[in-house]
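There is one chain below, alone, in structure tokens, taken in the form predicted alone.
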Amino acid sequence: MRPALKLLSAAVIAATASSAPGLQAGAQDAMTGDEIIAMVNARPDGVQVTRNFTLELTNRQGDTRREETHAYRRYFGEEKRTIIFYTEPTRVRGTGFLTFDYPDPSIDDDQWLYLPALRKVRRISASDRGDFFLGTDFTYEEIKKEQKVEASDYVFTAKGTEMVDGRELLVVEGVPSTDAVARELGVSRVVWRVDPEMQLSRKTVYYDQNGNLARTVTIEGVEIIDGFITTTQLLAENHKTGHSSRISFSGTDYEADVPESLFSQARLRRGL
């Protein structure tokens, strides 16, 4: 995805500004679906960041297992690179995931997965981006995008506002822009409920290709860290399986050194 700040048209900038406290509430209602999603994608997220995240995976019976990871992300111009290393427990230690998110949406992003048991790096095809990420209820696409949206994947329609947990959120519906995108992402439509102050979708609901309710992703925690709006906890619930996945972020540091050498297949194999 192109860095959102460079995509902002004058209209979108004006619309984003309208979300500031003190402006007329009706101004937000006038935003189009494209403008609301552009606002989400315009959320600054720093040139680089390091952080830990804990995964809690809970099955229908209520059994939970935990996994620990450490992640690095850095922009190189308009290109975003991310690498995640699993550190605990032993059965997953050494597993890694590397992504190159290119600014040109016509170019498939590169994604690689390293599984220590196989001792090889496997490329994740762009057509698999809607698959679930390593036993979680988040997709590869969601892990890569970090609560932003590939705008070229959808046709957006604004659906007014809705009160969620005492906040007035902007509702946007997206339908896949092509049949191929629908197959890749495994959805027929997605509904975002966007907090205009945080430029985040507080609650996102996914419907499968048959139109059935599939998953809900809810942001449970958000903070300002080093001046950046930062999600600290989010939950994905799979309505078909009863399984859920919670990610809790910690140790987030936007000023830490993130060397370019981290983002390679060789480093993916070698681990931390």
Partner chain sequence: MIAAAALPGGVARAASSGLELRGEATLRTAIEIEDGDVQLGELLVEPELSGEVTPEISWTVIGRLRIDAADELEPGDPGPQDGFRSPVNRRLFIGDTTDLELREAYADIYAGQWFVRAGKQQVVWGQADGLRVLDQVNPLSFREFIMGDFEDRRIPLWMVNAERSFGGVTAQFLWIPDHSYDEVPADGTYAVTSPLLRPQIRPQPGQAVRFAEADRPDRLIVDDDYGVRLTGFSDGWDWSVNALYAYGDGQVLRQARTPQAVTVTPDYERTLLTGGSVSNAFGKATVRAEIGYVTDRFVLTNDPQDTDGIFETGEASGVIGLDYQVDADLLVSGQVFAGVLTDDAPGLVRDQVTGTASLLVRQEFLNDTVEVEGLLLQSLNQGDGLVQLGATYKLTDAVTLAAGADVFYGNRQGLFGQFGEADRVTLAVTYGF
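Positions refer to the first chain, counted from 1. Everything numeric in this text was worked out from a predicted model, so none of it was measured.
The discussion below concerns the form predicted in complex with its partner chain, not included here.
By the 4.5 Å heavy atom rule, the three marked residues Thr50, Phe100 and Trp112 all count as contacting its partner chain in the model of the complex. Heavy atoms within 4.5 Å of its partner chain in the model of the complex belong, among the stretches 174 to 182, 195 to 203, 144 to 152, 122 to 130, to residues of 122 to 130. In the model of the complex, none of the heavy atoms of Ala158 sits within 4.5 Å of a heavy atom of its partner chain. Among residues of the shown chain, Thr139 is not one whose heavy atoms approach its partner chain to within 4.5 Å in the model of the complex. Shown alone here, Thr87 lies within 4.5 Å of its partner chain in the model of the complex, counting heavy atoms only. Within 4.5 Å of any heavy atom of its partner chain in the model of the complex lies no heavy atom of Val190. In sequence order, Asp257, Pro259, Ser261, Leu262, Gln265, Ala266, Arg267, Arg269, Arg270, Leu272 are the residues of 244 to 272 having a heavy atom within 4.5 Å of its partner chain in the model of the complex; the partner itself is omitted from this view.
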